[in-house]
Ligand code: G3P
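Before any questions on binding or motion, here is one chain by itself as structure tokens, the form predicted on its own.
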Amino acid sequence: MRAIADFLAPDFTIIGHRGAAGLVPENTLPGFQRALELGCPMIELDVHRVADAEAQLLVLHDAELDRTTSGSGEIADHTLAELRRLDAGGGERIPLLEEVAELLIEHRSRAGLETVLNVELKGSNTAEPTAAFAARHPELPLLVSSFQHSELTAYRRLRPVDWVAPLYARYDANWQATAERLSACAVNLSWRIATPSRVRAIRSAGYAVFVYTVNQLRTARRLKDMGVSGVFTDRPDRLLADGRWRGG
């Protein structure tokens, strides 16, 4: 299996966060398309499992519908058909993970570029259908991440050699034991906890460090100088315009 670094920018990687969430409604197909058009070598999205269609993964960040859709209440209280009738912004439906895969495959065919798909396991019991998705799409470079390390453990049992990355909003001194147990390729941090010593320790241990969510050039430049491998951003247009790195 090729290393994740083979698919990313050699120096610093700009990752489209929920597509291009600062430009187009987050986690929608037009948002992912915009990130691809801008040249992001990786796009990130979030998945939840749907109760009445357990093999399907819905691309949505929150467990509640109110913030990003025309619906209200919990995802778990709705059927797939009901969820797919909602407006996720700009008249777009909440996409299925399979629809994003189709978009990436079409982009590769048209532009000749491979894009890493970073799937964040957001809802419970998402490891199994994500592993099934990975098995159906061996052609897609896939990085699976989560704050729920138990979900990553379940995924790792099903997919022993795929790329995985634990996420941290707060610093955990046991990050290395977790990364080793998961055979992770990266450790992903909030920008608030990404200090030079922590980044240096993670990189020295052999892991990439991707930091979220960075929308200002000054912050991105500081993190690059710190040794960070790349950043998740809502504004890939702003960061990719900088001359200090390339996005593909």
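Position 1 is the first residue in the sequence shown; the rest follow in order. Predicted model only: the values in this text are computed from it and were never measured.
Heads up, the form predicted together with SN-glycerol-3-phosphate isn't pictured, but that's what we're talking about next.
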> Do Phe232 and SN-glycerol-3-phosphate share at least one heavy atom pair within 4.5 Å in the predicted complex?
Replying inline: yes
> Any chance His61 has a heavy atom within 4.5 Å of SN-glycerol-3-phosphate in the predicted complex?
Replying inline: yes
>> Even though the partner isn't displayed, in the predicted complex is Glu120 close enough to SN-glycerol-3-phosphate, meaning a heavy atom within 4.5 Å?
In response: yes
>> So, Leu167 and SN-glycerol-3-phosphate: in the predicted complex, are they within 4.5 Å at any heavy atom pair?
In response: yes
>> Based on heavy atom distances of 4.5 Å or less, which listed stretch (216-224, 39-47, 198-206, 176-184) is in contact with SN-glycerol-3-phosphate in the predicted complex?
In response: 39-47
> If you look in the predicted complex, which residues in 76-99 sit within 4.5 Å of SN-glycerol-3-phosphate (heavy atoms)?
Replying inline: none
